[in-house]
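Next comes just one chain, in C-alpha cells: the form predicted alone.
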Amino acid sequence: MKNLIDIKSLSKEQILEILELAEKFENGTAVSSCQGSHVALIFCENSTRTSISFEMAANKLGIHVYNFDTNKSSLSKGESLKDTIENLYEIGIQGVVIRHSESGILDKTKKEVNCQIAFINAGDGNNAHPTQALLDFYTMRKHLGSVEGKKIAIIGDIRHSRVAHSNVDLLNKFGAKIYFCAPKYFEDATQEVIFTKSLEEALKDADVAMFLRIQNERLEDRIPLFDYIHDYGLTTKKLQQFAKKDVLIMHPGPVNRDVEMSSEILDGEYGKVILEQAHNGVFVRMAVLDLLLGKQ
C-alpha cells in the first residue's frame, strides 16, 4: 500500500492489516516505524474530527506535522495542487493528507505528480472518505465481532455523503447486508444496496444504524426540514418502537442536534458509540500513516 485514495483499491487483507495494527496501537503493543517522517495536512474544507485526529495520530507516531493553511498558501494565488505537492516533496514532505471539495481530485493529482509522495484521502467531495469507513468498521467489529450477515442501515443525506459511499465499498467486501434509508431528494442509485424510504423498515432488526448529516453546503435547494426531522430524525420513542435494544447508533459527525437525532440520544448511552468512533479514529489513522510512511 503506497497511497490511500479510496476503499475500492484496498483488498480485504489490506483492510484487516490496517485494523490489526490499529488495535496494537490502541493496546500499546505496536511501535512506530515512521518516527521522524514529515507529513503535510492540506485541508481545503473545514474539519474538526478528521484534521485533529490525523494530527494526533502523527504526533503519537513521532511524525513531524505541517498544517497547510490553504488561505495563506500559493494555492490561493492560483498554483495547481500538482505543483504545490511537487514542491512540498522537494522541501522534504513524504506524505500529504488532503481534504478537498472536488470529487476525484486526489486520484487525478496522484497521476499527475512526478514524485514518490504518499497520498492519503481525508475526504474528497461526495466521493470517498476511506479512513472514516475504516474507523467505522473498526468500531463495528469491536461491538459485533463480524459484520457478515449483519444488517447495517445508513440513514440520511446519502446522495452527498462520501462516508456512505466508502462504508458501502468496505462493508460489501465483508458480507454485510446494507440498507439505505432516505427521502427521494437524498436518494443515491449508484450503489447496490437495499433501499427504503421508511425509517421503521431501516431500523427493524438493524445491528447498526448510521445516521448522516444533512450537508447544507452541497445542497442546491433547501429541503423541507420540518418534514425531514419528523420522518427521519431519530428519537428515543422511535428507537423503542422500531429498533432492537442492542442496536449500535453511529454518526460520522458533525451532528446537527435535534435534526439527525435528538439530544437525549446523543447525551445518553446510545451516544457513547459516536464518541467512541472519534476515539478509534486516532488509532486507525496511526495504522494508515505507519503503513504508508514506515520503514518496511
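Don't overthink the numbering: it's just position in the shown sequence, from 1. Because the structure is a prediction, the values reported are computed rather than measured.
The form predicted in complex with ligand CP exists for this protein as well; it is not shown, and the discussion that follows is about that form.
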Checklist entry - Exactly one of Asn256, Thr235, Ser47, Ser32 has a non-hydrogen atom within 4.5 Å of ligand CP in the predicted bound form; which residue is it? => result Ser47
Checklist entry - Out of 128-136, 79-87, 168-176, 145-153, where are the residues with a heavy atom within 4.5 Å of ligand CP in the predicted bound form? => result 128-136
Checklist entry - Is the gap between Arg99 and ligand CP in the predicted bound form 4.5 Å or less for some heavy atom pair? => result yes
